[in-house]
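The chain that follows stands alone, in the form predicted alone, written as structure tokens.
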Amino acid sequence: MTRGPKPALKARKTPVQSRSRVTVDAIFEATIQVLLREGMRALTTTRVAERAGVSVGTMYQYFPNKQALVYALNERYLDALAGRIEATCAEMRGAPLAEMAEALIDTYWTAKTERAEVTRALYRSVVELDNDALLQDFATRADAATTAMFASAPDMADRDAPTLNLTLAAVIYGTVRNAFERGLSDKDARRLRRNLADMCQAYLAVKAEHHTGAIAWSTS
């Protein structure tokens, strides 16, 4: 069972009306801007409120402290990322495994790099937070989508979709995370992106050979 966030990290309320959603959007964008300019240590609800053009009282209607604010910001980011993965998986249902892997890499890499500075800031912002629940929720959604996608591949045959998914997801997500932690140059990042695709394709090719060989051996 996935445990929820600690009480201190919970938002006070969720915006329902369009005006409230606009206000929270402004608060989240202001939080990103403060994180980028000053870092997590200097981030305060007062600074964010000033940047967003709202009162501190309005801030507190939604977020009791800066930790809850940062937690909610990361929750929104991971929710959007999971949604993009789910959309890609739905679109790629029934395609060959190699095309699925390429599409998954492209989706994840693009999502992480289109605002690379924001991704780096969010990675740093949760270092001192207990974000296990967020990561578990993201992994559950992403794994359900990618496993179902791989299982639908015409060249999947009777191979183990969950194990294949676990391997590819670990390689893809882990490689992208490592690229950000290393602070790679654009040139090195592009090279890594190509090599990541090559590694996944080589893995699929080897597994296909082993599977074909096992079938041949069992029927001989």
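Basically, rigid core = biggest C-alpha set you can superpose within 1.5 Å across the two forms. On a predicted model such as this, the values are computed, not experimentally measured, just so you know. Residue indices: 1-based, along the sequence shown.
The same protein also exists as the form predicted together with another copy of the chain; that form is not shown, yet it is the one meant from here on.
A residue is said to contact a partner when one of its heavy atoms sits within 4.5 Å of a partner heavy atom; residue 174 meets this definition for another copy of the chain in the predicted complex. By the criterion of a heavy atom within 4.5 Å, residue 129 is counted among the residues contacting another copy of the chain in the predicted complex. Shown alone here, residue 163 lies within 4.5 Å of another copy of the chain in the predicted complex, counting heavy atoms only. Proximity of residue 25 to another copy of the chain in the predicted complex: non-hydrogen atoms within 4.5 Å are absent; the residue sits far from the partner. Of the residues given (61, 33, 44, 167), 167 alone sits with a heavy atom within 4.5 Å of another copy of the chain in the predicted complex. Annotated contacts: 67, 200 and 203 all touch another copy of the chain in the predicted complex [non-hydrogen atom within 4.5 angstroms]. Heavy atoms within 4.5 Å of another copy of the chain in the predicted complex are found in exactly one of 25 to 33, 148 to 156, 191 to 199, 45 to 53, that being 191 to 199. Of all the residues from 73 to 98, none has a non-hydrogen atom no more than 4.5 Å from another copy of the chain in the predicted complex.
Once the rigid core is used as the reference frame, the Cα position of residue 154 differs between this form and the one not shown by less than 2 Å. Core-superposed comparison between this form and the one not shown: the C-alpha position of residue 99 differs by less than 2 Å. Once the rigid core is overlaid between this form and the one not shown, residue 128 counts among the residues whose Cα shifts by 2 Å or more.
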